[in-house]
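Just the one chain here, laid out as C-alpha cells, in the form predicted on its own.
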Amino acid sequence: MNLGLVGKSVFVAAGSKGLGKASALEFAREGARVTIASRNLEQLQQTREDIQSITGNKVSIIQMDVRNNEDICNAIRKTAAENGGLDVVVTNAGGPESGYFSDLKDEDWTRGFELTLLSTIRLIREALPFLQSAGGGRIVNVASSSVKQPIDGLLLSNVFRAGVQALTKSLALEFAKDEILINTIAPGRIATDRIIELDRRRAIDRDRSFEDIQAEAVGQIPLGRMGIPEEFARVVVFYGSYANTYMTGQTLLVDGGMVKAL
C-alpha cells in the first residue's frame, strides 16, 4: 500500500523516546521529512542518529517543552519553514503524574492540564494555518486507553485524555471542509518507560513485586502480552497518512483487546 508520505513534512511532539520515537521512525521509513521535538536535547540528538542510521533519511530536531506556548509556536513555524510547509502533526506528551483525587492539589491539576490537554490545543492551533495553506493535512493525537475505560490511580490522565478525545471529535467536524483529518490513537499497555515506571510505583504502593504487578496486568490482555512501540507506531502512521482518506474524528484503541468498553 502506498501511504503517500514520501516528501511530506511531518512533526512529532515528544519524539525522542517511547511512542513518539517509534512513530517518527515509521514515518521516516515511509520517506517523510520528519521533525521531532522534546525537552531533552541530548536524547533528541541520539534519536536523530538512531532513525537516520536505520532509514538513511534526514531527521530534524527542535528542543521544545510542550508546556511552553512560545516553544510550541517556534517549533511548528521552524518545521514549516525548513520543510517548505507542514502536512502531518502528531501531538504527544509524557503522561501526567499518577494519583488519586485526595492526593492531588490545584498545582497538580494545572500541570496535568498544561501537559496533556493544553499542549494538544496549542500544537493544533499553531499547525492549522500551515495545514490549511497546504490544502489539507492529518493530525494524530496520542492519548491513552483511559479515554474509554478509566485507569485506577491515573485520575489526571483519565480526565484530560478524555478532553483530548472530545477535542478530536469537535475539530474533525469543524475542519473537515479544509480536508484536515483529525484522529486520536489510544495505547493500552505498550512496553515503554512510562508503563515500567507506573508498574514500579504500583508495586511499591501495594507492597508487591514488580513482576507480580506486570503479570497481573498482562493477564487482563486477551492477546496475552504487552504491545511494542512499533505496533502502535504503524497505526499512527496509517492514520497520519494519505492512504487514510475517509476516517476523521475517530478514537482507535491499540490495546490487544484489553479495554472491555463498547
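All residue numbers refer to positions in the sequence shown, first residue = 1. From a predicted model like this one, the values you see are computed outputs, not experimental measurements.
Omitted from view is the form predicted together with a small molecule, to which the following refers.
Enquirer: Considering the small molecule in the model of the complex, find the one stretch among 81-89, 169-177, 129-137, 186-194 with heavy atoms no farther than 4.5 Å from it.
Expert: In the other structure, the partner sits against 186-194.
Enquirer: Can you check whether residue 121 is within 4.5 Å of the small molecule in the model of the complex, heavy atom basis?
Expert: Judged by the heavy-atom cut-off of 4.5 Å, residue 121 is well away from the small molecule in the model of the complex.
Enquirer: Please run the contact check for residue 25 against the small molecule in the model of the complex: heavy atoms, 4.5 angstroms, yes or no?
Expert: Residue 25 lies outside the contact set for the small molecule.
Enquirer: Would you please decide whether residue 199 lies within 4.5 angstroms of the small molecule in the model of the complex, comparing each non-hydrogen atom pair?
Expert: Although the small molecule is absent here, residue 199 would stay clear of it in the model of the complex, with no heavy atoms inside 4.5 Å.
Enquirer: Heavy atom to heavy atom, is residue 75 within 4.5 Å of the small molecule in the model of the complex?
Expert: Residue 75: no, not in contact with the small molecule in the model of the complex.
Enquirer: Out of 104, 93, 117, 159, which one falls within 4.5 Å of the small molecule in the model of the complex, going by heavy atoms?
Expert: None of the others qualify; the residue that does is 93.
Enquirer: With the small molecule left out of view, which of 233, 64, 32, 59 would have a heavy atom within 4.5 Å of it in the model of the complex?
Expert: It is 64.
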